[in-house]
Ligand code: ATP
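Here we start with a single chain on its own, the form predicted alone, put down as structure tokens.
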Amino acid sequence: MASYQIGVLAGDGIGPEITRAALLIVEAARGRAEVDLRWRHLPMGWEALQGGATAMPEETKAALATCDGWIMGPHDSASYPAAERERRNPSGELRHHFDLYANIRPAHGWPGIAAVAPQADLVIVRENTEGFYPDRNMYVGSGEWMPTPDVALSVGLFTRRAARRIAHVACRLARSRRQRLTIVHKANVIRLGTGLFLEECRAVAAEYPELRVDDYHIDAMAAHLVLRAADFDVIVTTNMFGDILSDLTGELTGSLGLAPSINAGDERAMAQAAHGSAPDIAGQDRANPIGLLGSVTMLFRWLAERHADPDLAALGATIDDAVARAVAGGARTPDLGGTSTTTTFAEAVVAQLT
């Protein structure tokens, strides 16, 4: 039996509640699988700050380096002390420190859940280390500065290396799905930066002749997703564009609370739901755990592929099936128009495990 050490960072706001629900379901499911999962709970966010550390302690990063992967709950970095807000936020720090360059965010409709695009089934592959996000694109410094109190400058970074490696991730994923790749850019205006990204993605895609490849400007792509999201399969794009489009597709397919994601590098991956910490409902047992739970099963599939472990892949599939059956049976948290609590939703999923 394979053994995996998984770090657990519960996070802020609703993070501890949805993390607890996700682990409850995984523990119930793994009793039916030949998989040994060992949880390592580590501090981050307010838990770490209250213990006198930073929001992402060096000790936590060192411990995560010994893990096969980890689960990260949402963080409420906007509420951190002023000095802490000058640092990278916890997820940005981990993406930077471990070079988790691929943010993979699927979106699909759910039977019985009202959605603008219920037939959609797509994946956004977002380059995760560069672009216009200043906390990720500089070795030293933030990537933003103000030469005068009235002028702010932000640097966007685009490299061939980053474009090529994210394009390979997207092409391999498209090859395993419906064999269609869409590149999203703004090369008509940001000619050098996103032009380089487009050029490299096209060059990589040419190495996968079985794929059908097209490309769209970001503004046109937003409109196409609203009008015909079901026509798209795998979308590869830059950091900021991917962040925006994945929030859009999450809402188009029912709710951002349903939206999972992983942040993956060559050696490690982090499960992290696409949504935030929702401090307004924290502690009320009403948060939707589906996004984080789906992120966990994505992590299991990533590890299963890396370690050629069909049992871990089967565990993820078992959990995904149980969630779908629970939702179809009427178990829904308030964001989906239901009355389930976080706890009773988790119990409904456990009841569906076979």
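So that there is no doubt, residue numbering starts at 1 and follows the sequence shown. In this text, all values refer to a predicted model and were calculated from it rather than measured experimentally.
Below, we turn to the form predicted in complex with the named molecule, even though it does not appear here.
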Quiz item: Any chance residue 260 has a heavy atom within 4.5 Å of the named molecule in the model of the complex?
Solution: no
Quiz item: Taking 4.5 angstroms as the cut-off for heavy atoms, does residue 22 touch the named molecule in the model of the complex?
Solution: no
Quiz item: Do residue 14 and the named molecule share at least one heavy atom pair within 4.5 Å in the model of the complex?
Solution: yes
Quiz item: Quick one: is residue 275 in contact with the named molecule in the model of the complex, heavy atoms, 4.5 Å cut-off?
Solution: yes
Self-check item: Listed residue that, although the named molecule is not shown, lies within 4.5 Å of it in the model of the complex (heavy atoms), from 287, 299, 312, 44
Solution: 287
Quiz item: Among 281, 252, 218, 187, which has at least one heavy atom within 4.5 Å of the named molecule in the model of the complex?
Solution: 281
Exercise. Would you mind picking out the stretch of 65-73, 51-59, 287-295, 31-39 that comes within 4.5 angstroms of the named molecule in the model of the complex, counting non-hydrogen atoms?
Key: 287-295
Self-check item: Heavy atom within 4.5 Å of the named molecule in the model of the complex - qualifying residues of 320-354
Solution: 335
